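A lone chain, given as structure tokens: the form predicted alone.
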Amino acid sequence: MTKRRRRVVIKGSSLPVLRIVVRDGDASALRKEVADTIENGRPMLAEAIAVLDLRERQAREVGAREIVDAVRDTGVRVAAVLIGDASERDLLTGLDLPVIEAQSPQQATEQPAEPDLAPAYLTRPLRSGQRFYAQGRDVVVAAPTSRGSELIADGSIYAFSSLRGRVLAGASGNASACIVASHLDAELVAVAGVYRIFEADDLKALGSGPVSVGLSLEADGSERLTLASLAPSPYMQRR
């Protein structure tokens, strides 16, 4: 007897989730900072699930409800709100949003765990409109990716072919992740949520040789993407 295929099932998902992190700041400038940041990040938010992360606030001069309203006013569809203090739950009632209490990065005793699984391998071309997600691991890219494609890894990305499209490493928050490519021709790159959109002149300045992309910490505590040209290697030839 053939078992009837269930019409409704619950499964895990490899969809990317981006955190909109709001830290302490001037209440009078909140809406402008939120609007500017989200406007600059539209390319990343376009096809991702967005959650609002309020766990990194300390002074808390701006109320949690006011932050949620500011983000919603930009048109971003927020899927949930992350809080580190249970007392904020009552302040967020009536929003028709899941409120999830979770440990904040400051409370964690170590950096996000680096992937300890064997790397994933991308051996077929990634076409425009396609997405490849290496969940919980690094990815080794042995085939070209096209403009309009999306390559995501919770760990690092090592590409031995031309890397185009949107390329996101450290997607789960691993700030030690990096991108190494024999030839970088991407529209957007990101590491642990810090991103950069490349224009034609930016790519031309990089040259045609191998490059690396990683995060560096500024004196004021902010993070920025650092790009560096690498010495040519016989194992990193452009294809």
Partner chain sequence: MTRVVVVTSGKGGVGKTTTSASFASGLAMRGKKTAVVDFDIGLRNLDLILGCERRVVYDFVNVIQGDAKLSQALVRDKRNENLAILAASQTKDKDALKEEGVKAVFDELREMGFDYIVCDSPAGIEGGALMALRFADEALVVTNPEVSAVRDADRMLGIIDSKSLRAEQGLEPVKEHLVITRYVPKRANKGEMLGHADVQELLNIPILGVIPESEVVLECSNQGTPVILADGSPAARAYDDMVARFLGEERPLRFINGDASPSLWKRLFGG
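Just so we're clear, the structure is a prediction, and the values are computed from it rather than from any experiment. Numbering follows the first chain given and starts at 1.
In what follows, reference is made to the form predicted in complex with its partner chain, a form of this protein that is not presented.
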| query | finding |
| --- | --- |
| Its partner chain contact at Gly94 in the model of the complex, heavy atom, 4.5 Å | no |
| Heavy atom of Arg72 within 4.5 Å of its partner chain in the model of the complex | no |
| Ser162, heavy atom within 4.5 angstroms of its partner chain in the model of the complex | yes |
| Proximity of Gly84 to its partner chain in the model of the complex, heavy atoms at 4.5 Å | no |
| Heavy atom of each of Gly25, Ser28 and Gly63 within 4.5 Å of its partner chain in the model of the complex | no |
| One residue of Pro98, Gly148, Gly136, Pro119 in contact with its partner chain, assessed in the model of the complex (non-hydrogen atom, 4.5 angstroms) | Gly148 |
| Among 73-81, 86-94, 152-160, 122-130, the region lying within 4.5 Å of its partner chain in the model of the complex by heavy atom distance | 122-130 |
